[in-house]
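In the block that follows, a single chain appears as C-alpha cells, in the form predicted on its own.
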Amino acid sequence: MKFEVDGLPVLFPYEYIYPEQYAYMLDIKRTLDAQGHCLLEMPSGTGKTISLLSLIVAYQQHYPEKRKLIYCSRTVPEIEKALAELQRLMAYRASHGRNEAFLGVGLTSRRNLCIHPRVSKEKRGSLTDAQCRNLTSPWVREAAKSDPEIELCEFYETLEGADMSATVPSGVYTIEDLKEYSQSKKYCPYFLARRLLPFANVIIYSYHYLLDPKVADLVSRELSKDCIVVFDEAHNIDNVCTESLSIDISRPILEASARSVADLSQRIDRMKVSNAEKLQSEYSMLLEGLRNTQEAREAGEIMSNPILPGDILSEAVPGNIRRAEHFVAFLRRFIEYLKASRHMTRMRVMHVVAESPTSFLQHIKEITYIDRKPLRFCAERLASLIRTLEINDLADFRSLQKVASFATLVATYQKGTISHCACICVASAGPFENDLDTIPNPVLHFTCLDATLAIKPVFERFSSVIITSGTLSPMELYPSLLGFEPTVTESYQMTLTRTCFLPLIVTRGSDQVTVSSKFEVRNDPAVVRNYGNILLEFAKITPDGLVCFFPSYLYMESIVSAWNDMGMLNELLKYKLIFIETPDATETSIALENYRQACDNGRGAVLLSVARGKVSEGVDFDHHFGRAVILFGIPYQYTESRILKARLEYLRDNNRIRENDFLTFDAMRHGAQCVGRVLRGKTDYGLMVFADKRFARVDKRTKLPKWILSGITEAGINLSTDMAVSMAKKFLRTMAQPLEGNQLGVSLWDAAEVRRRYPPKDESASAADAPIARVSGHSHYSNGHALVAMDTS
C-alpha cells in the first residue's frame, strides 16, 4: 500500500491500514517536522511498531538529511520482533522498486551474540563477558604475539584483521542473521554490531544503551544530534531512569571490596618489580587528564564510568589518587569509613538514617578528610588501574566496582538523590523479607529520586524523542517526571466493528460484601472468600487461559494459602490447572511453558501472577492463552518503603506532584499494563475484570487508557459477582459467533475509503471547502498535517 502523509510518500507493507495507525503516523510526522518530542499512547495490538517504522523510514529516505533512527525496547524478544517488522518493511519497499542502500542492525549482549564454540555455552552473562575478555583484551593479544600458547578468539582476530574499507551488504540483520553472516565470514557478531552502529540507518537495542550512563558512554557516544530516538513500551521509563543511577551497598559487598583492595595492592607490588614503567606511564596519562584515556577505555572495555562522561573527562585526576598505591590506600580508607560509619553502627539499634549526598560528603570529610573531588574520579581511576594491571577476570572485583561507582555517584549528583541506610528485616517493615529474620542486615542505598538526571541528556542531545506504549495513561505526569515539553501528546482509541473486549468492574461479591485490596480489609475472610468465588465463577465460564494479577507476592501468597484452607483450590482444579508466578525467573519460565501447554491441549489453566512482575511486563497472552484477566485490587506500591517516601517527598517539593496523585498514577498504569495483556490484536477477544470497589470511582477509572475506557459502559461499572458473570457469558457467546458485516470503512481502510475521507490535494476543490474527517479524537483538515493521498501499488 502506498500513500502520502502531508506530502511524504509512505510505503506500508499491508493491504489495509487501521484509522488509529493513520492518526499515529500523522502525529509522528508533526513531531519530526517540528524537531520536537512526543508522548503517544497506541492501543495494544494495533500495529504500533510497523506504523512507526514505516513512517520514519519513509521520512529518512525522503529527506537528504537521512536522520538515523534509534529504536529502544525492553527485552530481546521485543528487539527481535522490531527487527523482523523492519525486515518485512524493507523487503516490501524493495519489491516496489526502492533499491535503497539501507542498513538496519540490532545490538544485544555478548551472551546473545557470541558464536565462539566454548564461550557461547556459558549460561550466565557475566561469565560470557569474562571469558570474552580473556580472549580479546589488548594485553592478552599483545602477549600472544610472543607466546603462541595463549588462546585468542579467532572470530575477533578475523574481524580485527579485516579491511576496514570493506562493507557489509545492505539489509536488515536480525540477531540470528547477524550471527549467520558473522559465522560465514568468521567475524565476531558482537563487535561487528558495535562497529556497524555509526553506519546503520536504523539501530534497535535496549533502553540501557541510552539511559544507563555506565553503558551509554561506551555504545552510544558517537550518535549524532539529529537522530530520531524512540522508546517503545515506555510506560516504566521513569523507573528505568532512576534505577540506572541507584546503587546498594551491603556489608558482604564491603567485606569483598576490602579483599579486592588487598589483592590490588599485591598486584601493584608485583608490577613495580616486573614492569614499573607501565605504572609510570599510567601516571603520566592521568596527569594529562582522562580524555586521553578514552581510546584505551573503549579497547579494553573493562569497567565503565557510572556518570556522564563529559562531566569529568575534561578534568585532571586529583593528585592524591594518581599513583596506583595512593589510590589503593584511598579506597581502603573509604571502605573502612563505610564499614565503621554511623550508617552501619546505627543499624544495631534498628534505626534508619536518611540524608542527602551533601550531608554524607560533609560527614566523610570530617571523619576521614576525604574530599569530594577524588571520590568523583573513583570509578574511572579504578577502570584505569584494572587495565594497567591487565586483569581480565572481574568476578572478584565486582564488589569493589560497586563501591567505586557509589563513590562517584554520591560525589557527582547533589540534587535529586538520597543516600540512606535501612535495616532490612521484619522489625523495620521490610515487606518481602522472611518472617524468621531476626539479625539486622544493614544496607546502604544510594537512590536516584529524579528521573530527569538520566534522561535529560537524551532530550538535550537528540532533536526528536518519541515516547510510546500501549498503556501510558494517565499521561499528564510524564512531562513533569521526565523534564520535557512534548510537541504532541495523544491517546488513541481502538476502532472496532464489534467490541472485542469487555471491561467489568466488580465491586462486591454475591453476598453483597464489598471487595477491595485496601490494607484494612484485604485479609478479611469475607473479602478473601469473595475473591475466591470471583476466580471460581470466571474459571467455569472462560475457555482456555485465565490470568490473575495481585498487588504483591506477599498478598498473593497469603490469599492463595487462605483459599487452600477454604478448599477453593481443589474446587478450582476441577475446571482448570493452576500455575503460580514466583520471584525466581527460572521457575516462572517453567510455569509459563506449562500454562501454555495446558491451554493448547484444551485442559485450560489459571496463572496467578503479580503486577510489576515478569508476567505483567513482557508476556503476551494472545488468543486462547488469555481469554480473561482478573485484576485483584489496585496495584499500589508498598507505601512504607523508605525509598518511595523519599521519592514522594522529592516530587512534592520539586515537581509539585502530590503523593496521592503519583501513587494513583503509578498504580493505574501498572493495572492497565496487566489487563492489556489479554488483547493483542483486533482479531483477539477477552474479558478485563477489575475486582476492587475503588475502580468504580471516577477519579480512578478515568486514569485508564482511552481505548479501555471506551469499552466501559454504565452497566459494567458497579457489579456483583453474579451480574459480572452473567454479562461475561453473554459476551463470550457473542464472540463465539462468526463476524457479521464488513470491517472496511470502520476498523479497516483501503485506498478508496481513504480517498473518500482525505481527498488528495489535486482533487480537493479548495482548502476552505475541505471536509473535516475525525480519527481517534483528532480533527484533521485537508490543508493541515492530516492531508493524506493513497493509492495501491
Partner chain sequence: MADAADEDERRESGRNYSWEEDYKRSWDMLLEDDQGSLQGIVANLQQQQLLLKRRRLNKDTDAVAQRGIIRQLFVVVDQSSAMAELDLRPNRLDCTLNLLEAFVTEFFDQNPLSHVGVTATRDGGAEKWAELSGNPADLVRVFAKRESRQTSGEPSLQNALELARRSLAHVPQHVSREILVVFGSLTSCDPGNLGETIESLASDHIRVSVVGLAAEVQACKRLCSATKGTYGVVMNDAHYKELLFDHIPPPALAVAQQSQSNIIQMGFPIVRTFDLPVLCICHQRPIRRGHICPRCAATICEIPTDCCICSLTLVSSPSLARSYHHLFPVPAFVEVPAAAAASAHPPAPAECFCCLAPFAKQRGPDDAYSLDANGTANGHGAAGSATSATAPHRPGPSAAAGAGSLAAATGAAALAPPSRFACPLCKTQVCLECDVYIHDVLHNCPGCLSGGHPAGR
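Since the model is a prediction, treat every value here as computed from it, not as a measurement. Positions refer to the first chain, counted from 1.
As for the form predicted together with the partner chain, it is not shown, yet the points below apply to it.
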Report whether the minimum heavy atom distance between K66 and the partner chain in the predicted bound form is within 4.5 Å.
no
Could you tell me if A91 has a non-hydrogen atom within 4.5 Å of the partner chain in the predicted bound form?
no
Hey, in the predicted bound form, does K540 get a heavy atom within 4.5 angstroms of the partner chain?
yes
Does Y650 reach the partner chain in the predicted bound form if we count a contact as any heavy atom within 4.5 Å?
no
Within 4.5 Å, heavy atoms only, which of Y575, Y638, F665, Y413 is in contact with the partner chain in the predicted bound form?
Y575
Of L748, L732, A751, I50, which one comes within 4.5 Å of the partner chain in the predicted bound form, counting heavy atoms only?
L732
Among the candidate stretches 139-147, 323-331, 543-551, 526-534, which one is within 4.5 Å of the partner chain in the predicted bound form when only heavy atoms are counted?
543-551
Given a 4.5 Å distance limit between heavy atoms, list every residue of 709-723 close to the partner chain in the predicted bound form, or none if there are none.
A715, D722, M723
